[in-house]
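Below, in C-alpha cells: the form predicted alone, a single chain.
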C-alpha cells in the first residue's frame, strides 16, 4: 500500500472541514457537492474489502429516491448483498477521517479486518443518471486505482443491476452472465417461459403504464422491453426526456402522497406502477370507475407473490418452508390475511432491508417487501437445487409443471436485492397466469386506515424500542400510555420509533375506521 501516493491523490479529493457523515442502510447520502472525498475513500475501502474477501466488490453511485441535487454511494458485498455491518463502521470511520489521519485509518482498517495487502483486488462501478454521478464515479475509480485495484466501469446501471453483476462475477457465471445483455436475457427468458400458458381476458390486461421517476429505470426498461414484448407491452412515462429526477413522480412520491405522479394519464382500472430513481422499488396503483385513487403497495405485492408460490409448493408435495417477513409498518390487515387466510407464517423484524433480508434467509423460500415497495423473494441454495431436481425427475405432468413454474420464478427474481424490473415481471406473470385484474388483486384484503407522523426532537436517543421496534422500553411510561390509548379502539395499534439518522421520532397508528384513527391521533 503506497501511502504517499494515497495522500497525494487524496489532496485532490479533500474532505471539507467539519463534515461528518454516517454510513447507513442506504450507504452515504447528502448533497452531491459534499461527496467527492467520500467517493474517493469508498474506492479505497472497496479495494480493501475485495482483498479481504478475495472477491469482486461493487460500488454504486446513487441517491435512489432522493432529490436530483443529492447523491450517495454504497458498497455491494460478494453475493450481491449489502455491506457487512463491521465494514459499515469502517466506511464511516474512513469517510470522516481528517486528511492527515487517512494513512493511519487505512492501516488500522487493514489490521482490524486482517486484510492481505498483497492480494489482488477487483471492483465494479455503476452509477445512476444524476448530473453529478459521472464525476463522482470517477472519484471512486481514482480511489480504486491508487491502491492498485483493478476495476470495470459499467457506467449507467440500476442499483439492482450492479448487485446482479457482482453476484454473477463471484459465482463464476453460474448465477448468470455479468453483462447487461445477460441480465435482460435471464429475466426475460424466465418471464416468457412462465407466461406461456397464461390465461388473458383481453389485450388491455397485458399493457402496463410505468412511471420511471425520470431515472435510470427508463433507460434500462426501454432497452429491455423488446425481449418480452410478445408477453407484455410497457408504456414508459417520466422517462427522463423532460422533468427532474424523482420530482412529483416515482414510487416514493406516490406512496407518501397517495396520488398518481405527474406526467402519466390514467384511465379507469388501468394498471400503473412507479419505480424509484434507481429502480429498486415498485408501487402499483389505479383509478376506479368513480375516479378514486387506489394504491397497491409492498404489503399487497408480498400477499400476491406468497399466495402464488404456495400453490405449486403444495402441488409438488415437498416440505420446503415458505414465510413472509414484514416490519412494524406493514398494515395489520395484510398480516391477518397472510396468517389466517393464506396460512403463511409471518415474522416481523426491525425496519431496514438488511434486517428483512437476513430474516428471510431463515426460510427455504423467504418473501419480504417493505410497504414502500422494496423487496424480493429469496430461495435458499438447498431449495433451489431441490426444485430444479424435481423439475427434471417428477413423472406426473401436473407436479412437473408446478416444479418447472417454481424454477422459472427462481430465475425471474433478482435474488441479490430488491429489483423493480424483476418484481414487475413477476407480478405481471402472476396476474396473467391467474387471470387477475388489478382491482381483484387489490381486493385480496382491505387496508386498515393508518397514519404516519414525524416529530422533531432534541435527542432521538431518549426513545429506545424492542420487539422489532413495536414496543418502547424508554422513556418510562411511554408504552403504557400508548397501550391505554390503543385499548379504546377496535383493531388498533400504534408505535413510536426513533429515526436511525436524524433527531426525529416516527409515529405510526392504525385502527378499524378513519373516525377511530382521528380520535386516537
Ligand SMILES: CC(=O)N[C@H]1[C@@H](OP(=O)(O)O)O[C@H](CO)[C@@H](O)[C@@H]1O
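Residue numbers count along the first chain shown, from 1. Quick caveat, the model's predicted, so the values are computed rather than measured.
Not on display, but discussed next: the form predicted together with the named molecule.
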task: Identify whether the named molecule in the predicted complex is within 4.5 Å of every residue in the set 129, 240 and 274, based on non-hydrogen atoms.
output: no
query: Which listed residue (351, 389, 269, 361) meets the criterion of a heavy atom within 4.5 Å of the named molecule in the predicted complex?
result: 351
message: Against the named molecule in the predicted complex, would residue 13 count as a contact residue? Criterion: heavy atoms within 4.5 Å.
response: no
- prompt: Closest heavy atom of residue 452 to the named molecule in the predicted complex, within 4.5 Å or not?
  reply: yes
- request: Please run the contact check for residue 29 against the named molecule in the predicted complex: heavy atoms, 4.5 angstroms, yes or no?
  value: yes
message: I'd like to check something about residue 499: if you look in the predicted complex, is any of its heavy atoms closer than or equal to 4.5 Å to a heavy atom of the named molecule?
response: yes
query: Which of these stretches, 186-194, 365-373, 333-341, 97-105, has heavy atoms within 4.5 Å of the named molecule in the predicted complex?
result: 365-373
query: Which of the residues spanning 320-344 lie within 4.5 Å of the named molecule in the predicted complex, based on heavy atoms?
result: 329
